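A single chain comes next, written as structure tokens; it is the form predicted alone.
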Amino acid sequence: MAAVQSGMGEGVEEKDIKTEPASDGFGNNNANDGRLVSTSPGSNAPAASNKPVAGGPPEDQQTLLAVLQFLRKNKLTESVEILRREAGLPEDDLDPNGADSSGAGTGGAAGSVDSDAGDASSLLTRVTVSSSAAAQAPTKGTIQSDCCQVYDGASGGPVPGNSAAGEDQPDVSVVLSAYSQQGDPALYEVYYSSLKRFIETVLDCHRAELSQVFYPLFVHMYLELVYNNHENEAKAFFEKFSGDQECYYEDDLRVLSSLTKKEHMRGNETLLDFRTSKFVLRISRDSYQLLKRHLQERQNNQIWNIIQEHLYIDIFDGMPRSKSQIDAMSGSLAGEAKREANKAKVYYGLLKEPEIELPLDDEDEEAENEEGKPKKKKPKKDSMGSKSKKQDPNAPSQSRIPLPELKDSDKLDKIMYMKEATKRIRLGPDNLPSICFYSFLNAYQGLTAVDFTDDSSLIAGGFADSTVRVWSVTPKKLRKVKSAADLNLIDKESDDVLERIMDEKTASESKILYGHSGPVYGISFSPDRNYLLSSSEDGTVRLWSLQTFTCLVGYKGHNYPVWDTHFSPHGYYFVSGGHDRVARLWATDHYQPLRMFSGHLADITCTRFHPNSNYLATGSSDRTIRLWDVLNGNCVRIFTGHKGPIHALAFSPNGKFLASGATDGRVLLWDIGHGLMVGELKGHTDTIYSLRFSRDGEILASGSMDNTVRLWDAMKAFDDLETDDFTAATGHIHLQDNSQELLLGTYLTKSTPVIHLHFTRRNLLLAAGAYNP
């Protein structure tokens, strides 16, 4: 039932081989290339794209011919032609009978393929034997590295269908073997210093762009030294150059400093992430040519190989970017996002509201007349869909994903919502919302999550003692449904049957829900207020009934703590994400996930559904945000720019924009349609744990561990946008430093970190946190 999807949806099929762009000889793509042509084990390209030149070592040529024989055996003639042409082999070098011009050089390994290599495994066995005979460990460009594991650079895992060995996880020994190229350890410092001196002397316009290579080069050179048991040289290299790296890599460098022996590298998640996902750098063509020329003139092969093998250089035409432009987008675990990652069409518009008749409210009319005001004429009925008769061109079709049908109770709730909306306060810079703060006392830092129902009638808290507690914030107390025996005695036809089924004896202001066996880290109410989700360190997500206050289902799929969960705005679907780096989409009536979203390189720390329920966003400790398509599981946006783990996400009510908050104390604003960062709000001094747009989208509220709530002018931030074609094409952004202009107010608590924010239907702002004496 579950459909596992690659993070970028880049599963490479056989036909993709035909469209491989030509390499520039340096292992990098041209300005408009879709994929990197590289000879690395971590490349996205199929094995066939690795092309030793015809005049190369006999082992390489032998290996190439073996692959050509295999492709021809399976009647993949077009692939044979493309590979032969790119490798520069004449046609007569490939004999259909399996005999080739250089077959005798390596014991006839390729020649014997024709006779009994009917399957891929026997071919690979022979090829790896011939390769390893020439080198003790697989080196760059050997078929062993490429055929045994083809890594998806975006998802950090093997591309589905491309792993000849059929393995599910990256093979640690294969991953690490790339570091076995032996270079003179004493020269590593010389190479790095030489490059550093060169970059420091180039023109200012190129220096900022070329400085991006320092960090990934430093990491890979250090790891090569450690892997080849040059511990002292590695230590000296680290001490000499670690201080030169950007401050936002401090945490990564701390982890790296603990890897001092080859044994430490095995099983280290951070290292495997860095190794299997190419570090993406966005560099102008002019800057790139400078770097390439320098390395070729100095014959600096050690650095050349690392750039070719471990980096993805996304080249663009035009002026180089400034230091501020680069800093705005950098900081994630694997560099920036590739430009093509944000090119997919996203239907960010809202679904058309169902048409519901809104009856005349007699009570309101009477109240108006009592006050002596003239009686207003009201239509007998109003249609909720009247505001949006036309279908938004950016909205998905109503039937794009199956959504639950509206029940009568849902329709009543929609009517109530419309009535409340008519009394909504219009917010703006001159009309800020009132803020009502709910402080949890005596929680002793045990409060880990909070949520409000959409109608603001209930509040729930998740706690470190593994309980979930629900409170009523209205005079109406919480009651359970009567027992089955008592329900049989009720007159089902009576008008107040919904009141009669509730047991008054159970009425109380709060309820405690027991069931988890570890701290509860995420909670979410369903839109209809009948259910509550909770996620825990115990690896489960539980669905609770708010009619009986019992657990209905325990969803098991995560193997590690689940940090967050969130209900779809339309109900039925929900998402969860945790330490296993995979987000899962569930439906309440399925005990297995419907989709698995794989691609993040570290814990998924927060999740959020788009208002139209067709997309969901995940924030991660890898310092990226990903937007996923619920329909097919593809990753349609990757946003980089935060310098710390992301803990808060919020979509604007119109679905066009996304706000994110992280441990770096910054709120970043993103244009979903163009896939660009469009704003940066600075002011908080600690981790931002909550973000919420007002109901009309005029104001963005942010809550932080610095004990403040800040209000920002969202309309001004978005209205000032001018996204031209060049910016959309290149991803260049010019952020205005206007945080102080956009900041409308700062509200301090006594000593309470703000972990949740919620706007009521009338635009009153509710905030919550645990008092920290």
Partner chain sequence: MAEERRQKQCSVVLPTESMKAMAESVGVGQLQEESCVALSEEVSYRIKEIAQDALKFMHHGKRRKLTTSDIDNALKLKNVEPLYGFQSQEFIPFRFASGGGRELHFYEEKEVDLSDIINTPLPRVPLDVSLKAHWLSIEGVQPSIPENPPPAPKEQQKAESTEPLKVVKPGQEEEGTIQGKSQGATAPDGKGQYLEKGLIRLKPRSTHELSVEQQLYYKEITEACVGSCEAKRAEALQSIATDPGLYQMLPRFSTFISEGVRVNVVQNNLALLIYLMRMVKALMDNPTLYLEKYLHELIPAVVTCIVSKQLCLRPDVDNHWALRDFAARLMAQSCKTFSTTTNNIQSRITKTFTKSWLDDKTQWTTRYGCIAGLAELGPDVIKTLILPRLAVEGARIKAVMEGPVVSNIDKIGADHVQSLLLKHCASVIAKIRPQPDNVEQYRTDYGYLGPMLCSHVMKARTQAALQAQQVNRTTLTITQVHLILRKIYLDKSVVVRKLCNELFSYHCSTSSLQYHLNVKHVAVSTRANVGYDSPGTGK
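Numbering follows the first chain given and starts at 1. Everything quoted here is computed from the prediction, not taken from an experiment.
The same protein also exists as the form predicted in complex with the partner chain; that form is not shown, yet it is the one meant from here on.
Can you pick the one in Asn305, Ser613, Ser287, Thr687 that has a heavy atom within 4.5 Å of the partner chain in the predicted bound form? Of Asn305, Ser613, Ser287, Thr687, the residue with a heavy atom within 4.5 Å of the partner chain in the predicted bound form is Thr687.
Answer with one of Leu478, Ile401, Val473, Ala587: the residue that has a non-hydrogen atom within 4.5 Å of the partner chain in the predicted bound form. Exactly one residue meets the criterion: Val473.
Within 4.5 Å of the partner chain in the predicted bound form - does that hold for a heavy atom of every one of Tyr215, Tyr312 and Tyr573? Not one of the three qualifies.
Partner absent here, but in the predicted bound form, which of 435-443, 653-661, 187-195, 626-634 has residues with a heavy atom within 4.5 Å of the partner chain? Result for this chain: 435-443.
Verify the contact flag for Ser257: yes if a non-hydrogen atom of it lies within 4.5 Å of a non-hydrogen atom of the partner chain in the predicted bound form, no if not. Within the cut-off, so yes.
Looking in the predicted bound form, any heavy atom of Lys505 within 4.5 Å of the partner chain? No, Lys505 stays farther than 4.5 Å from the partner chain in the predicted bound form.
Answer for Thr605 alone: is it within 4.5 Å of the partner chain in the predicted bound form, judged on heavy atom distances? Yes.
Taking the partner chain as it sits in the predicted bound form, is Asn394 near enough to touch it, meaning that at least one heavy atom pair lies within 4.5 angstroms? Judged by the heavy-atom cut-off of 4.5 Å, Asn394 is well away from the partner chain in the predicted bound form.
Out of 741-766, which residues reach within 4.5 Å of the partner chain in the predicted bound form, heavy atoms considered? If the 4.5 Å heavy-atom criterion is applied to the partner chain in the predicted bound form, 741-766 yields Tyr747, Leu748, Thr749, Lys750, Ile755, Leu764.
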